[in-house]
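Below you'll find only one chain, the form predicted alone, shown as structure tokens.
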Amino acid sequence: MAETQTKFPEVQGGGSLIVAWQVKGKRVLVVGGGEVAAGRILNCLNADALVTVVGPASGLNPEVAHRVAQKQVAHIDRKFEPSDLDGADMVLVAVDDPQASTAIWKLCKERRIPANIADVPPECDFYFGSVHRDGPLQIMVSTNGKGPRLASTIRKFIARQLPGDAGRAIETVGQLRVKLRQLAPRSEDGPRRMAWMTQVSDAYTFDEMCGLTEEDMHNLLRYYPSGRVPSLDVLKAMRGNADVVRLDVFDGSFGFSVGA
């Protein structure tokens, strides 16, 4: 029997598993209050985490002090103590004390708490990449701890290539997905929903997605039962309760309707 010549991706070892870590409502402990800590804190707050900062008030930089003053984070005004790890779901260490950092990392390992020790890749369970954010759109570039400055340069290059309205377009797609799930809520509808949403995403440009109104999405969902996706011109023609028979919306199934 002839050997099947099937091509599969080559394994490239040495990488990281890049995932979107959901930390909403999770307790994140940040040890330190300098510039690096400020960046870590902002990342966690953007992800709706519950952040506690440990470190003397005299060592907080202006941004971290602002977060504390605005009660965006809890603050423990002293140096780290092992009991600070109680209840923590994640620990981020950003202090200029290698011995203290390693000691905290070892405590985290003993308790199986995922930790990141700034600027010490071997003592990190995960890395922070350089992130571009536009509403729901997040793009992370990671160099696996080898070149953070280069990661920032690459991230900026990628961001310049993106349409300026990419975030808004994604918001529209998200709204449409929610409405579609309400229309076809059964788990067995999943594959069909995904296939139809793929057609929708491929049918319109970013600009066109951003221009879709609530009425447009309502009319677009009329096409779901037939598995079709109309052109933007057809959707525009349907605005204001256009004659759907004339526009051939339902492909013979004119009795279908979508609730408001």
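Start at 1 and count along the sequence shown; that's the residue number. Note that this is a predicted model, so its numbers are computed, not measured.
Quick note: we don't show the form predicted in complex with another copy of the chain, though the next part is all about it.
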Next on the checklist: So, residue 161 and another copy of the chain: in the predicted bound form, are they within 4.5 Å at any heavy atom pair?
Outcome noted: yes
Checklist entry - Hey, in the predicted bound form, does residue 15 get a heavy atom within 4.5 angstroms of another copy of the chain? => result yes
Checklist entry - Do residue 63 and another copy of the chain come within 4.5 Å of each other in the predicted bound form, heavy atoms counted? => result yes
Next on the checklist: Given that another copy of the chain is not shown alongside this chain, does residue 70 nevertheless sit within 4.5 Å of it in the predicted bound form, heavy atom to heavy atom?
Outcome noted: yes
Checklist entry - Only one of 168-176, 183-191, 76-84, 95-103 gets a heavy atom within 4.5 Å of another copy of the chain in the predicted bound form; which is it? => result 168-176
Checklist entry - Does any residue in 33-68 get within 4.5 Å of another copy of the chain in the predicted bound form, counting heavy atoms only, and if so which ones? => result 42, 43, 44, 45, 46, 47, 48, 62, 63, 66, 67
